[in-house]
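Here are two versions of the same chain, shown separately as structure tokens and labelled structure 1 and structure 2.
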Structure 1
Amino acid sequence: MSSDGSSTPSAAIEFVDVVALIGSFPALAGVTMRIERGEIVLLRGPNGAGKTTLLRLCAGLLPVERGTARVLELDLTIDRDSVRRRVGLIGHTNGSYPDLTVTENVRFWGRTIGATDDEVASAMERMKIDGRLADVPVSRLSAGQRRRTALASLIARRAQLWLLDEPHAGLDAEGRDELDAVLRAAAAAGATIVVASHELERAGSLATRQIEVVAGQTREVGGGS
């Protein structure tokens, strides 16, 4: 049930004519888009088009200058802190502590929102970093294992919307396959995933829908493959 009482399921992201500034530059110049819950959406477009800015806006890290922006039924113009707590953004870094073990990292992020040890263990199991990897310091993991640790941390802190900026970067073929599998499983379990990527073939096969970002505006380009 949506917030207005209708039976239409609420969207994970609903933007109407949204403008966001970086300094005085309009990095997003009238974005209108809707992303449903449980979708995997690819944001594509050239460098500097505004993909990362759009992800950061969805994460509540940038103020909305103009327009209507709702994320997980929360108004981004007035409640960015609440949005941040429900959204997980992974950029070019993983947000981990290399000296701590996998378990300690996931537990740390889980406990920022009061997650239990069972939730932490479940998140690690879903990302297949339990067992022999659990007590390994993150500094000794491969790039793919680090990315899975970061995703397990998102699960542990109950992020409902995953915003991933170039998630395949730095991963080998096996790591990319593993990542795609866990993202599909996460979406099947109810997470909404938005991926910004230049790797159209790889990310396009993962996505259920694609949105092109050009010069700070968006347009639908059809479904994923």
Structure 2
Amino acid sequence: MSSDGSSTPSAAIEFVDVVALIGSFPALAGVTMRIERGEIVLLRGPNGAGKTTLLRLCAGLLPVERGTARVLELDLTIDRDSVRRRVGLIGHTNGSYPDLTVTENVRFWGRTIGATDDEVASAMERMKIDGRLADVPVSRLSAGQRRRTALASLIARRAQLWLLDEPHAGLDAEGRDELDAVLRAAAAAGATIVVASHELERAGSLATRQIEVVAGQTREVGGGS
């Protein structure tokens, strides 16, 4: 509760002293951060700092070794399955099934939350993978087209938390502008966006806040902790 007696909105992500292991190595070594709903946050830092691990942890794909970790009000230490159903992660491999067509991929992910055919079609149109690309197997797409397919799947899923690892990679200039518009619209509609990127100028212009990841720990860029 706040000081005036009203309820305080829950954070999209709230970590306190979180440790996560890759094998026996502490890839995250005491992460403390809070990300509010509707924010667009840039994770920045050198290769190997733990950005991808942090995204995977937020998606419920890694166990929490120690600490307090809540995502969308769910405790990651006991309910990772529920977290995975409510978030969308796009990593370097995009997460699409190569033997399925573009439409089959978007429909598959959309129907995990009950998306209609119209919603699937709208998501495909939004990322410009309808028309001639609709029935093409993902294995035959360019890198940029695969990224568009993954993003359309995320739109169709209506994910509450978007976790994106180098989302602009493989996209041409038009695709990058379209992605930025999609992310801004998703945040305006209430989704929370977390982007890990080395493209600081591009991703930074989107972000409402930046968090630096160094040696498995986090700090606010420009001050704070």
Partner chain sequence: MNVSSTFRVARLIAAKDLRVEWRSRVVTNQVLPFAVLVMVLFAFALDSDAVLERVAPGLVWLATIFSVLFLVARTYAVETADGALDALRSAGVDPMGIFLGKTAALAAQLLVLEALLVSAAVILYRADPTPSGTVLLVTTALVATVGLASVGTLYGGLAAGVKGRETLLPLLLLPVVAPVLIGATRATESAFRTNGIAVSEGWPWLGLLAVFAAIFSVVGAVAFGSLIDE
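All of these numbers come straight from a predicted model, not from anything done at the bench. In this text, the rigid core denotes the largest set of C-alpha atoms whose superposition between the two forms falls within 1.5 Å. Numbers given to residues start at 1 and step along the sequence of structure 1.
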property	result
Structure corresponding to the form predicted together with its partner chain	1
Which listed residue lies at the hinge, 126, 158, 180, 30, rigid motion between the two structures	158
Whole-degree rotation of one rigid part against the other between the two structures	20
Once the two forms are fitted on their core, CA shift of residue 144 between the two structures in Å	4.7
Rigid core superposed, the C-alpha shift at residue 115 between the two structures in Å	2.8
